[in-house]
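The data below hold one chain only, encoded as structure tokens and taken in the form predicted on its own.
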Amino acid sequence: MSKYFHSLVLDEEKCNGCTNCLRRCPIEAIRVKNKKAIIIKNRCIDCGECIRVCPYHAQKSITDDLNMLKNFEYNIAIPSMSLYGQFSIDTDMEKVFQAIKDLGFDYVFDEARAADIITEVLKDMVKDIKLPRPIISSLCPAIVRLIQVRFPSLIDNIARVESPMEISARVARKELMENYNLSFEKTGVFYLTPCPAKVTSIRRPIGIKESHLNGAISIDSLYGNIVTNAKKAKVTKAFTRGSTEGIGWARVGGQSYAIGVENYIAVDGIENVINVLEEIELGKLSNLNFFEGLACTGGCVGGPLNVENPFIAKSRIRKLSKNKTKSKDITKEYVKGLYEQGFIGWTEKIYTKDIMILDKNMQRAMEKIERIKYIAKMLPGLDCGSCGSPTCTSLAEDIVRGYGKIDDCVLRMRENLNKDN
């Protein structure tokens, strides 16, 4: 897979160049040219912020659909933990799981079970004084990619464990292949996703060579059918579900609560996460044991492919997690066995994404930096976005990189016209 895959794409017909996405992109991966937004693919981390703020629904996420199930003899659904927050607190989730199965799946595996597995691993990691501090959660793929792009010095701080989504796929495959004598190729595993970053992490995984998932279907595309099926669902066999602490991973702070760590910071919202990562990079928070950073407001419940208001969904998850139920089948011995079989940890080293580098030659890079500073001083410093770049400094960088020109600045262009007149 030499070509980088992005779940986030632009529908040019719907885009009118309003600059909302330009202003809100946390990684400055968007430009507006000829009244159309352009996503700079090697910068984008698929956080989905542009989807949230686009009033014309021009930014969207590429996901799979139920037609993919036809490619396999046996299909497994892995509903996101955030799904619990999409229904009222008194909803019978057994019927919801049955409703998902009735969409055409043969088996439903609760992602919260995998969260219970990782909880046991993280408890031991937090106790390991040899690991760099703070240990950074690897749950959110957008944050992991953010660190690759903007905070490469913190890569070693990331917990080298896979996400609940990926571990769910591995464990579900293992269970089904052993119990029903199914082959890997004939079994399809699909994640019901709340965000585009999860889709990208399946197609282009971090820390592993290849994902055990075959695709991802957005929650919002299935929600109506799930509600309809749930009304008439008849549960013939109880589903094995995760603990309430595992479900709690869907909200910000849920991981830290499940682990039982006291010296931690849990932050939601990509801009807030960036601010705290800057503090960590400066060494100001080295006394922390654990940092839980999630790109979406409220945590995974705030993913743009969910349907419920994130604050309402977060409240529901918080109420559920207070019940303190445990997964009886997730024992320390069971988790240890999975870890030794390679089901939990990363197998590949992750590297920095050198998208900010101006030139591989140090001298030329320094010359370009000075030129950026020189051009930035020529610009008004209003960061109005009218030029199609998010800030005056980014316009200066675009000019040096050959992506823009000084007259893209409306004020500069007016000044030049007035001089000519």
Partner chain sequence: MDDKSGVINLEYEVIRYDFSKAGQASSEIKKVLKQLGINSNIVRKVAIATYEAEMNIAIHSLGGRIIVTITESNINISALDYGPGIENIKLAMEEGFSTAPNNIRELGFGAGMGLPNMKRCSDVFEICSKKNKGTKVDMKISLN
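Positions refer to the first chain, counted from 1. Since this is a predicted model, take the numbers as computed values, not measurements.
Although it is not shown, the form predicted together with its partner chain is what the next lines describe.
message = Given a 4.5 Å cut-off on heavy atoms, tell me which of 58-66, 380-388, 360-368, 32-40 is the interface stretch with its partner chain in the model of the complex.
response = Within 4.5 Å of the partner lies stretch 360-368.
ask   = Just one of Thr236, Ser153, Ser183, Ser88 has a heavy atom within 4.5 angstroms of its partner chain in the model of the complex, so which one?
value = Of the candidates Thr236, Ser153, Ser183, Ser88, Ser153 is the one lying within 4.5 Å of its partner chain in the model of the complex.
inquiry  = Can you pick out, from Asp106, Glu175, Glu281, Asp92, the residue that has a heavy atom within 4.5 Å of its partner chain in the model of the complex?
reply    = Looking at Asp106, Glu175, Glu281, Asp92 one by one, just Glu281 meets the 4.5 Å heavy-atom criterion.
ask   = Is there a heavy atom of Lys70 no more than 4.5 Å from a heavy atom of its partner chain in the model of the complex?
value = Result no; Lys70 lies far from its partner chain in the model of the complex.
query = With the partner left out of view, is Glu397 within 4.5 angstroms of its partner chain in the model of the complex by any non-hydrogen atom?
reply = Yes, contact at 4.5 Å.
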